[in-house]
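Encoded as structure tokens, the following chain is the form predicted alone, with no partner shown.
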Amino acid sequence: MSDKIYRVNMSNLSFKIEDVPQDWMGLGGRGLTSTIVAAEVDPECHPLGPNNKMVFAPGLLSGTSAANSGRNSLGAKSPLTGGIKESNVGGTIAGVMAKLGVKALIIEGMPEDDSTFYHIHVTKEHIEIERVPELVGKDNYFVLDSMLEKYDKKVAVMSIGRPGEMKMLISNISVKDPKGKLRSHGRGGLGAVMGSKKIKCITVDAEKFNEASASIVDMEKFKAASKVFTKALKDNPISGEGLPAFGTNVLVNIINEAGGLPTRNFRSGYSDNAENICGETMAENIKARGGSTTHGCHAGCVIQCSQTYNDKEGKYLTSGFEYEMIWAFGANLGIRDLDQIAKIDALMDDLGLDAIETGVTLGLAVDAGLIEFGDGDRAYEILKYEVSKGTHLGRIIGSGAGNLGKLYGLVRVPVVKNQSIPAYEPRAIKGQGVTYVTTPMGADHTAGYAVATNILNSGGHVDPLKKEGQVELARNLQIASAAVDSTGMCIFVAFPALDEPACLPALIDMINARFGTTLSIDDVMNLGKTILKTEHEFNLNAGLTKHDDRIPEFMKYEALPPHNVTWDFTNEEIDAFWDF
């Protein structure tokens, strides 16, 4: 079965199924979405207008038995950053799309009649587009339950909540996971793009799931490489032990001890609240309450860093309770009760909100006098009764940290390219800071995870407090990440890939076995370079310049406790990132 491009035109509610252009044949995931966005989207278009496009694409290994290959990429012009965006997610969507032969799903245009929303249903070589007024004004779990009732348990579902309908910049796109809960295309305000196209939900029908499979040219070679790759993931102390035991939240204590945990709107790198919200405390709660400390966000995951978190009565509260969410509301906003953060997490899943953008915005809202540090009840109320209903306050919070800062005349605004800085302080983990300012995605920790080498000593060690070697580190990691994001692999394969010599060759062997190619490590790294340069060129044509590759000014003159460090890179040192 050959892969196809599925294309939906929302302007006339039509679809086409096309052959894959030769130039796109060797691409998947981020490599494909960024290539299509760069080729078909006018960089100067309004991201919420008719000329922006949404491109969904599974990775090159998605749909196969390769461990941790179930990530799906979404590309578009971001309404938050004004530049190109790729956001990838676990869940069930990537595997189903790959097995049905959907190389990419491209959605373009917007309906002239904007009085309602639509449901797009993708099946084998067919797409249905129907009005769904009954889903308007509903949130993600209502939509998910409706789709599962309408079809069957194997239908992959992507949807937006009310903030996405209102085109808020903190809105995301939620994706059904294997347990029927939600994951997110979280960053860049892409829920607003889906809302602008009047799409409430997208389903991909798995009716032919058992008949179809991602084709593999050399199965024996694939199996042999897959065995080596899986062993590398399981043997690594981070991907094989730390993450399965405590989830991504294992990082709270590690980053806090390193002095890099942004606290109280980036005023310190150390939080006295860490013990209340750390992964060890979370794991104790989960075990005592009958939850689950491990499960995968997509089929085939062997790291299993996700979990099910119950309340004190043993009833389900939330899942996929990640480090960034717990940091944003625990350390940065100062909420000391992990259960209260979990309750907010569940609400945000239902509404479809980016945990990082929302949490940083609320942390900044303290400086605006809208909330106090540690006031979890107020945070919950703002999201449930203001953001969800689009009140004036809800719209302000829903516009993200950068816009809130402008509206209130604030100076300490932790954003790069208008996107909130994630859970690693750039002054204390300088390699991560270089990634924040140079990636075309806006402040994004996954674009080049320098924490691995700065803090966790994967692939060597570069002193996080000194600037020497950080630009080179961030460049190499971003190139590698762009390539890995094209395979459908999750970010955490980076740990064994950096430390275990057999891991990365095994990953490339699986790609070669699947497609009958003879790619080398250099070929894959060159792919990463091409992707980065394509994305950078799009941003330049969209009007972004090197002056957007800058850290917030307050981080240059405000020393960060406990190490009392500032951002000390010159502009010339940062601009040298692109010398490759």
Partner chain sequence: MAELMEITVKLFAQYREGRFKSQQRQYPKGSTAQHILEDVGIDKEKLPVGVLMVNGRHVEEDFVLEDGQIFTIFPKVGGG
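Note that the coordinates shown come from a computational prediction; the quantities given were computed from them, not determined experimentally. Residue numbers count along the first chain shown, from 1.
As for the form predicted together with its partner chain, it is not shown, yet the points below apply to it.
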{"item": "Full three-residue contact with its partner chain in the model of the complex, heavy atom 4.5 Å, for 250, 454 and 463", "value": "yes"}
{"item": "Contacting member of 110, 254, 502, 136, with respect to its partner chain in the model of the complex [4.5 Å, heavy atom]", "value": "254"}
{"item": "One residue of 492, 309, 117, 266 in contact with its partner chain, assessed in the model of the complex (non-hydrogen atom, 4.5 angstroms)", "value": "492"}
{"item": "Its partner chain contact at residue 329 in the model of the complex, heavy atom, 4.5 Å", "value": "no"}
{"item": "Contact test in the model of the complex: residue 563 vs its partner chain, heavy atoms, 4.5 Å", "value": "yes"}
{"item": "Its partner chain contact at residue 197 in the model of the complex, heavy atom, 4.5 Å", "value": "no"}
{"item": "4.5 angstroms heavy atom contact with its partner chain in the model of the complex for residue 222", "value": "no"}
{"item": "Segment assignment from 125-133, 368-376, 224-232, 274-282: heavy atom within 4.5 Å of its partner chain in the model of the complex", "value": "274-282"}
{"item": "Heavy atom contacts to its partner chain in the model of the complex at 4.5 Å, residues of 408-425 in sequence order", "value": "424"}
